[in-house]
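A single chain comes next, written as structure tokens; it is the form predicted alone.
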Amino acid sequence: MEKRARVLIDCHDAKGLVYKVSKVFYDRDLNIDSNREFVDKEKEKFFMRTVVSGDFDTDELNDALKTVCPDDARIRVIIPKNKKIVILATKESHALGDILIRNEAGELNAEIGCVIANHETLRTLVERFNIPFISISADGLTRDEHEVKVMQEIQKYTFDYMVLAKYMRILTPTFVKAYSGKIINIHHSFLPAFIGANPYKQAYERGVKIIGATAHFVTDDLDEGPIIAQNVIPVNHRLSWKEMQSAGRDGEKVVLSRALALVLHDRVFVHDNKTVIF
């Protein structure tokens, strides 16, 4: 029976890898629908994303690819399907709302298990999409105590990625470790130059000429994880800080949804603290 697969390979670079991998596909009468590869010459790392179609056994294809790739190869043969996500939010609706609308329109191809927030503000918005909304207040709790309650809810769901849609609480190392490589965050690109409260007002007072947003994987280094997507918007002295904030929020939601689309379609390789995007 014909089917499609996304084949992802990253390993130490070696002579003839593209030929050897392609021959594995050819020998099984598989069609290469698309292919891209990249070599980081400084690190001697090879990356390849290929979409193939035909009649194949996933495990057998994976084993065959192992025989032609270096021993350190990470090989993934992925049958495309909707990935599962959970979302953490606080009060701001722009990033969350954009994800909900795009997913409802079939743009993201995701299954949203739930939205967890530390305020009730977004309940009505979320429940319009028939998605469970869970409110866990942080009032009277330490950061660790609040995270335990959040994790107890998260553990009820199976998911591929966790999305921080303007979740305005700093995560502990324990939390980040529990979901390592699975947490995606969005922030204004002023960090680290404009940290703390009201970065748009700080930027306005400095007379910045561009604003922007960055979507990245979360690590223990605050807002310094591997970058997935970025965008900038030109601004000038005519904009108030509130107008700048409004433009920045538009940028944030677009960048976050773009990053999600890349990740959910298996187009992102994490390499050290960087990403390779196909």
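Each residue number is its position in the shown sequence, starting from 1. Note that the structure is a prediction, hence the values are computed from the model and not measured. Whichever C-alpha set is largest while still superposing within 1.5 Å between the two forms counts as the rigid core.
The form predicted together with a further copy of the same chain exists for this protein as well; it is not shown, and the discussion that follows is about that form.
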- [ ] Check whether Asn130 has any heavy atom within 4.5 Å of a heavy atom of a further copy of the same chain in the predicted bound form, and answer yes or no.
- [x] yes
Open item on the list: Since only the chain is shown here, I'm wondering whether Glu205 would be in contact with a further copy of the same chain in the predicted bound form (any heavy atom pair within 4.5 Å).
Closed with: yes
Open item on the list: Using a 4.5 angstroms cut-off on non-hydrogen atoms, would Glu147 count as touching a further copy of the same chain in the predicted bound form?
Closed with: no
TODO: Give a yes or no for Val270: in the predicted bound form, does one of its heavy atoms lie within 4.5 Å of a heavy atom belonging to a further copy of the same chain?
DONE: no
TODO: Let me know the one among Phe175, Phe194, Tyr167, Phe159 whose heavy atoms come within 4.5 Å of a further copy of the same chain in the predicted bound form, would you?
DONE: Phe194
TODO: Report the stretch among 178-186, 117-125, 80-88, 159-167 that approaches a further copy of the same chain in the predicted bound form to within 4.5 Å, counting heavy atoms only.
DONE: 117-125
Task: Neighbours of a further copy of the same chain in the predicted bound form among 245-274 [non-hydrogen atom within 4.5 angstroms] - done: Arg249, Asp250, Lys253, Val254, Asn273, Lys274
Open item on the list: Quick check: Asp139 between the shown form and the other one - does its CA shift reach 2 Å or more after fitting the rigid core?
Closed with: no
Open item on the list: After core superposition, I'd like to know whether Asp72 moves between the shown form and the other one (criterion: C-alpha shift of 2 angstroms or more).
Closed with: no
Open item on the list: Rigid core superposed, CA of Arg206 - does it shift 2 Å or more between the shown form and the other one?
Closed with: yes
